[in-house]
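One chain follows as structure tokens, the form predicted alone.
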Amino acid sequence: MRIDILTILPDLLQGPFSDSILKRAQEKGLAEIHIHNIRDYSTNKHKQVDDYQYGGGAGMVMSIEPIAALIEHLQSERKYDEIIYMTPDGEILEQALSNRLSLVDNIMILCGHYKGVDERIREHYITREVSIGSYVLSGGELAAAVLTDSIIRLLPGVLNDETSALTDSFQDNLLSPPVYTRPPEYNGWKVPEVLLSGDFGKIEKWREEQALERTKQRRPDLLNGE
């Protein structure tokens, strides 16, 4: 899988992709992450990528020319399954979307700034708009990192235990059950006896019950199909 991220702050994205699971995924050749500076495609001598909005109003708007030039340059090199714009008014990122995106080959992600991008970019280039929640960030970079992480960790071979991603919260519309590790007792707080029993049938039943109960308490909307 290849993910190309378009941004005016490329340094902001170096950290999330240079450590831990995402770093290993790239080292294994399972994923490629390429960060592109939109300013490199500006024809303005000051590399300006924003301008005042037509009709007046507070805030600047990202200009169409450098973004379009970068998108078209990348499209000339390969076909993209999705060109995604990170925006607060996009569809909310949920596990099902990450699952679908993990099955494609090439994704482009555009990070917005200021009051957003010229609407013509959204109308003529963007295939999907995604939000990581009902709030506003200073830019789309952190949101793009979240989306990228949620996709790449699902690729076969990325996680050491390939069943791990399949048992995450939300994969079956349930939250994950509680988990424990050694020691079996600390400060008088004990691990549930069933987990120490060695009876995997009982353990699996306990986990299913706990997952259902936790979902009822914390995210009943998942059970109601909302």
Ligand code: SAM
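Bear in mind the structure is a predicted one, so any value in this text is a computation, not a measurement. Just count from 1 along the sequence shown to find any residue number.
Separately, the form predicted in complex with the named molecule exists; it is not shown, and the next lines address it.
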- Touches the named molecule in the model of the complex: L103 (any heavy atom, 4.5 Å): no
- Are any of the heavy atoms in K115 no more than 4.5 Å from a heavy atom of the named molecule in the model of the complex? yes
- Message: Residue-level question: is S131 within 4.5 Å of the named molecule in the model of the complex, judged on heavy atoms?
- Response: yes
- Message: Can you tell me if V136 lies within 4.5 angstroms of the named molecule in the model of the complex, counting non-hydrogen atoms only?
- Response: yes
- Only one of I121, I107, A143, I71 comes within 4.5 Å of the named molecule in the model of the complex by heavy atoms, so just point that one out. A143
- Query: Exactly one stretch in 150-158, 94-102, 107-115, 75-83 has heavy atoms within 4.5 Å of the named molecule in the model of the complex; which is it?
  - Reply: 107-115
